[in-house]
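The chain below stands alone and is given as structure tokens, in the form predicted on its own.
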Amino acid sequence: MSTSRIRREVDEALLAFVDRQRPALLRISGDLAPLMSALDALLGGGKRLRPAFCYWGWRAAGGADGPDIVTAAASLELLQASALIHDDVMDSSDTRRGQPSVHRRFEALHRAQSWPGDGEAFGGGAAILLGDLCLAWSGEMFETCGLADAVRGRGRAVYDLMRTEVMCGQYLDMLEGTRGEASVSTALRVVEYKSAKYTIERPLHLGAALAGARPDVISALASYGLPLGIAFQLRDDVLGVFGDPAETGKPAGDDLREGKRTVLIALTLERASAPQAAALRRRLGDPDLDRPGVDELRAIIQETGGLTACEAMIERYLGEAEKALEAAPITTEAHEALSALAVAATTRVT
């Protein structure tokens, strides 16, 4: 199955599931319609990487093509929606996928209706609840995907572990930002649990487990998935500073305004002179950072060699993933698909 076909079928499965849920919510109250509109808008974007890796983990382990595995894989998009909504609240992000983040959307609703009270608190509360709903629905979509109970049972432990790991990674990310410093090693720990395992390794593991994969297949996919997941997030860190807003869906330099203590920032601080480090620490996390301020911090990241070092790490981890994939005991079709996904995950436009 081609990547474009997987994406189309995942989109169709998501739309069908949400449409089945919609009447029940609207029977409770028409006031819940804005929640559904916000979810529709959020689910309309995204690259569908997690479902794609889940699907190809299934196929790599000998699973047959079919709508049930696509629906099971598509449930990961609801888990991702939950994580994104909550992440944007914690980071006070204004945008997501080129449109207002969910909490900003509900702040705007509060303002438009001239309701009394704190609009920001209302927006944050509404977003948290919608994120919780997406988390609950991800499990429901998985359990009603059509795969036999015995098949789903093989994947439940992986699904549970993935949800636990991403929540732990989110906390560690928040903790690093609160402490105000992050070494390369602690930043990589956040990358591993907030993104790398959750985005690639566990979706692959889930698909393979559902298909009843042999231990050597699980091990090979992990050896491919974890380094690729790290390379994916390091690329995302670079895009968060240097990316084109038309590609990222977020304002230029938004990670700098949010003060994210990424591997890119840690590598820069390791190499910075005292004046460069002081300037970076002073401006990082300033929500009012303007374009000249962004350009100043970008220059420091480039001049110190932080960007070059991060690009080298991306290439190293990508090389590890490619080497593991070459040796993986999987079908030629799965090998070719996973090779293409590795390129898509790590060579996005800056």
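Numbers for residues come from their place in the sequence shown, where the first is 1. Only a predicted model underlies this, so the values are computations on that prediction, with no experimental measurement involved.
Form predicted in complex with a further copy of the same chain: not shown, discussed below.
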Sole residue of Ala126, Ala266, Ala220, Leu256 within 4.5 Å of a further copy of the same chain in the model of the complex, by heavy atom: Ala126
Of Ala108, Ala246, Ala136, Ala278, the one that lies within 4.5 Å of a further copy of the same chain in the model of the complex (heavy atoms): Ala136
Every residue of Leu32, Asp132 and Asp149 near a further copy of the same chain in the model of the complex, heavy atom within 4.5 Å: yes
Interface segment, criterion being heavy atoms within 4.5 Å of a further copy of the same chain in the model of the complex, picked from 118-126, 230-238, 270-278, 248-256: 118-126
Arg96 within 4.5 Å of a further copy of the same chain in the model of the complex, heavy atoms: no
Distance check, Val184 to a further copy of the same chain in the model of the complex, heavy atom within 4.5 Å: no
Leu188 within 4.5 Å of a further copy of the same chain in the model of the complex, heavy atoms: no
His86, heavy atom within 4.5 angstroms of a further copy of the same chain in the model of the complex: yes
Those residues of 193-211 which, in the model of the complex, come within 4.5 Å of a further copy of the same chain by heavy atom: Tyr193
